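The chain below stands alone and is given as structure tokens, in the form predicted alone.
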């Protein structure tokens, strides 16, 4: 058994920042990650980091823009924490060596982004996430923080009290991809989940193959509610052939969108008369798909993004990476011709329910980054707000887990406090196929009955070893690749930008059948080392659980808010739906409940208004 004070699961932006913060508090910290840290998906972030740095801007404007962008479903304590802490975090990473783009006078450059009232997005060319990862990884190396590289985390070691709020997390179980070892990691003070998003639940996504929702699923089955999972962001500019992201920075610099009729449709068709291409992402994505669906798209699939008029000098200086992506994946020279783009799954606004210190309802279990839902983004995330979330709440989670002195959280977690239960009659039974379905199924992950930390970890390790043995001993059945393909197909068809009741019900039925098929899953590769088939089989199990929470939230929320569009409900219903959707695993029989949104901030109460751009 390995032992540390704080264990961070995931080596992306949030995980690195959490590890640094915990180490600064004097904790013995380790990062356990299935990828080398600089290969983490944070490196694909292109656009920038929002922070109020200049005269004429301030944190209150940033907070207001974020609350408006969230369609008033963000929680004010979280949003204001983000806006207040972001400038200091940007200064810190700049001092660590982050190579921000600069103006001629030496100041860090900032550019406009969608939904912002001030050009507050700092950036490093079109490779901001890449540089952020390398900057923070240098700090991890400098500080001697232990990194368990290419260890896949399979489960959390959590006690088994009847209610999740009474449980404690004492560590994790990891699978060493190189050696095949399955071992326990004991955390004396806390486990921080920073495993990124669940993009592989969809078949057209900007997310890396590694983004399989592992943290969400492990926390969910341990008893932590999933919050606002129905709010999935579809980025308006992805390359049709691959889903590769084309930064919002292209539009921030002045790039334009047009349809097959040559119209600049964001203005000419009235989707965003004031901000045009720089409306929020949900607005632009719906506009593009509407153009395609009404016959004004190219090849009935995409629209065009043009940046030629910006000039070669400006493009090469600020957007050079975009030229390479367009050329490599679409064969387009962005200096001479427009590039095809269409919406693609990009970001999960919902996630593991946490307070503003990253703490979940389970003692000793934290989450940060896209894996978590604080909630900063509410129903829609503004471009440029993901990277500050990583560093702000990664730092807070690391400090809190290591015992740092912090103010008491204002956001409540767990199935307690001012909540109400959903009474929707579901068309298909969600959750467990059979509570006693065995270690290969999607069974409730029971923890150890003992409170002894070592025993909890050891028992969880033994459970995972049995699960792997069962998967490896089968020599027939269904392979995970077919199950994952079926899941991606139904999610893309039925839980995409435009959602209808019958489609959501169909997705729930499909997921039920997919769960049943997973009971017969087997691993074809007999090797105990470098067994990606085994790892991906376990990842597919996680995707099933995460996809179901997304679909459940989408079905029960009968309104149109932010990224959640419902054909039958074409208005925002503040009187009923100004609340968070929460889904609890409940030992395999999911429970849906709600908690009111917190609109009372430090100096003001945010009054919901019509969101127009």
Ligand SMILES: Cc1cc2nc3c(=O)[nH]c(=O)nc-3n(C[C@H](O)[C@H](O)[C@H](O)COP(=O)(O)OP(=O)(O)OC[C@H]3O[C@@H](n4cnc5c(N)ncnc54)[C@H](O)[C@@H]3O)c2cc1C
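Numbering follows the first chain given and starts at 1. Predicted model only: the values in this text are computed from it and were never measured.
The same protein also has a form predicted together with the ligand, omitted here; what follows describes it.
Annotated contacts: 393, 415 and 580 are all free of the ligand in the predicted complex [non-hydrogen atom within 4.5 angstroms].
In plain terms, the part of the chain that comes close to the ligand in the predicted complex, with a heavy atom within 4.5 Å, is 368 to 376 out of 84 to 92, 526 to 534, 505 to 513, 368 to 376. Residue contact with the ligand in the predicted complex: residue 46 places a heavy atom within 4.5 Å of it. Using a 4.5 angstroms threshold between heavy atoms, residue 557 stays clear of the ligand in the predicted complex. Contact between residue 194 and the ligand in the predicted complex is found at the 4.5 Å heavy atom cutoff. When the ligand is considered in the predicted complex, residue 68 lies well away from it, no heavy atom lying within 4.5 Å. Scanning 280, 540, 259, 206 against the ligand in the predicted complex with a 4.5 Å heavy atom cut-off leaves one residue, 206. Comment: the ligand is not present in this chain, but in the predicted complex one of 319, 361, 387, 349 has a heavy atom within 4.5 Å of it, namely 387.
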